[in-house]
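Take a look at this single chain, the form predicted alone, given in C-alpha cells.
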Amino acid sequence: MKKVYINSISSITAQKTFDNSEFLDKLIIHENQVVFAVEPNYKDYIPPAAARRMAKGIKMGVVASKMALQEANLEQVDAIITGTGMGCLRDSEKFLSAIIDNNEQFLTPTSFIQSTHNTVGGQVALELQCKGYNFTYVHGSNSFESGLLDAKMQLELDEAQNILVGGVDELGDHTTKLNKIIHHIKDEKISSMEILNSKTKGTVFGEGANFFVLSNKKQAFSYAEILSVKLFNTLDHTELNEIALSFLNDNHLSVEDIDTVVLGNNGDVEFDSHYYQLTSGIFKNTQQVCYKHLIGEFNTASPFGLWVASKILKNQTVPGALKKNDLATSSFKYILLYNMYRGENHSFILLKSC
C-alpha cells in the first residue's frame, strides 16, 4: 500500500490561523463562553454577490478549501470529503424559525436547501467543478476523523492521488442557548488562558473550518505522513492507557518514540479526566500539547489539532500557548493525537515527520 502525506493545510478559527505564514504568533485572548471565528477577507476568494447568499459555515468551508488547494499548487482534486457535526446550523435555525413565525405557510425554500449537512461539500465541488467522489460524514465529534480514514484508505489503495479533506461547523444562536441551558457551555465567562485549569462543568464553544490536501505522492513542501487513524464510539476512561499502548504497538512504536502528544482538553471538569488518564499515565514523561482553549469546542475542532501537529512537525517548534506541561523536545518525529467529546467518539491519529 502507498503512504499518505499531508501536502497542505488551512484553518479558519477563533485565532488568526488563516495566515499560514504564522504559527500562533499573535494570540487573541477570548473571555467569553462562546468564541467566533476570525474570518479572512472573503472577497479575495469569493465574488461578493455569491458570498452574500452563503451562510458563514459555507463561506468558511469554501475559503479554507481554496487556501488548501493554493498551498498544494493544485487546481483540482480527485475527491472531496467533508466532516461536520451540525451542518449549516444557521440556515437550519432560520428555516425552523420561519415555520413557526409563518404558521407553516408561505415558506421560501432557500434556507432549507442550504441547511443540509452536505452543502459545504457540494459548494466546494461547484467552485472547483469537481465531478469526482464527494462525501460528507456526520458522526458527531468523529465526523472529520471518519472522512480522514476514508481518504487514507483510498490513497493507500491508489484509488485517488489527491483528496481534499476538511471539517467545518458554525455557531447558531438558538443552539447555543440550548447548550447553555443544559450546561454543555460554561455558566461563567472565562479567559482562554484559564480554561484548561477550570473546575466547573461545560466548556467554551467555538466554530471554524480546517481543510487539508492529502496525497500518496510526497512533495518537498509536505507537512507530515499519516501513519494510522483509529476510531472508537465508546471507551471506558480506565482503558485509555491500554488502548493507546495497543495502538502504538500496532504501528511498531513505543511510548518513548512519541515526541509530543496532542490532546483535546476543553476545560470540562466532568470529562477532562479522560485526558488525565493519559497525561498522568503512560505519557507523563512526554511533552503534552492542547489547543481547544484557543479556539473553543465544536464537533470538528479536532482537525485544528491536526493543523497544530502538522505545523509542529514542519517547523520543529511548539508555541508556548499550546504547551500543557514543561517538558521540552529537541526534535519532532512522531506525534500522537487523541480526542473525544463528553466521553464519546474517541480518536487516535499518528503522524510522522517527512
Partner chain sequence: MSKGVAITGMGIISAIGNNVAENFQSLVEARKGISRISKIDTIHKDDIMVGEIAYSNLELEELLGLTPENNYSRTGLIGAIAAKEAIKNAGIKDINKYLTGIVSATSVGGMDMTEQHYYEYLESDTNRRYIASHHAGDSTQKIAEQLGIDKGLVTTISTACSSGANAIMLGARLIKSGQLDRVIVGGSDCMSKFTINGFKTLMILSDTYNTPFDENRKGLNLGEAAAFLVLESDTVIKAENKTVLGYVKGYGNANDAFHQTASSDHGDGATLAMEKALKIADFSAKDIDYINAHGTATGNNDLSEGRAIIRVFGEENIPEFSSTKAYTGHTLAAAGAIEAVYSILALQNNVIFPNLNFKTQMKEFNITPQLKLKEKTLKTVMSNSFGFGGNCSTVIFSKEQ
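Positions refer to the first chain, counted from 1. As the structure is a prediction and not an experimental result, all values here were calculated from the model.
Beyond the structure shown, there is the form predicted in complex with the partner chain, which is absent from this document and is the topic of what follows.
K.L.:
Can you tell me if Tyr137 lies within 4.5 angstroms of the partner chain in the model of the complex, counting non-hydrogen atoms only?
P.N.:
Taking the distances in the model of the complex, the answer for Tyr137 is yes, it comes within 4.5 Å of the partner chain.
K.L.:
Looking at the partner-bound form in the model of the complex, is Glu159 within 4.5 Å of the partner chain by any heavy atom?
P.N.:
Within the cut-off, so yes.
K.L.:
Determine whether any heavy atom of Glu71 comes within 4.5 Å of a heavy atom of the partner chain in the model of the complex, and answer yes or no.
P.N.:
Close contact is absent here: in the model of the complex, Glu71 is far from the partner chain, nothing within 4.5 Å, heavy atoms only.
K.L.:
Is Glu93 part of the interface with the partner chain in the model of the complex - any heavy atom within 4.5 Å?
P.N.:
Contact with the partner chain, yes.
K.L.:
Sort through 186 to 194, 201 to 209, 247 to 255, 149 to 157 and report the only stretch with a non-hydrogen atom within 4.5 Å of the partner chain in the model of the complex.
P.N.:
Stretch 149 to 157 is the one.
K.L.:
So the partner chain isn't shown here. In the model of the complex, which residue out of Ser280, Ser273, Thr108, Gln219 has a non-hydrogen atom within 4.5 Å of it?
P.N.:
That would be Thr108.
K.L.:
Looking at Ile226, Val261, Leu171, Met86 here, can you tell me which has any non-hydrogen atom within 4.5 angstroms of the partner chain in the model of the complex?
P.N.:
Partner contact (heavy atom, 4.5 Å) among the options: Met86.
K.L.:
Would Ser8, Leu27 and Met54 all count as contacting the partner chain in the model of the complex, using a 4.5 Å heavy atom cut-off?
P.N.:
No, none of the three is in contact.
K.L.:
Residue by residue through 87 to 126, tell me which have a non-hydrogen atom within 4.5 angstroms of the partner chain in the model of the complex.
P.N.:
Those in contact are Ser92, Glu93, Phe95, Leu96, Ser97, Ile99, Ile100, Asp101, Asn103, Glu104, Gln105, Leu107, Thr108, Pro109, Phe112, Ile113, Ser115, Thr116, His117, Asn118, Thr119, Gly122, Gln123, Ala125, Leu126.
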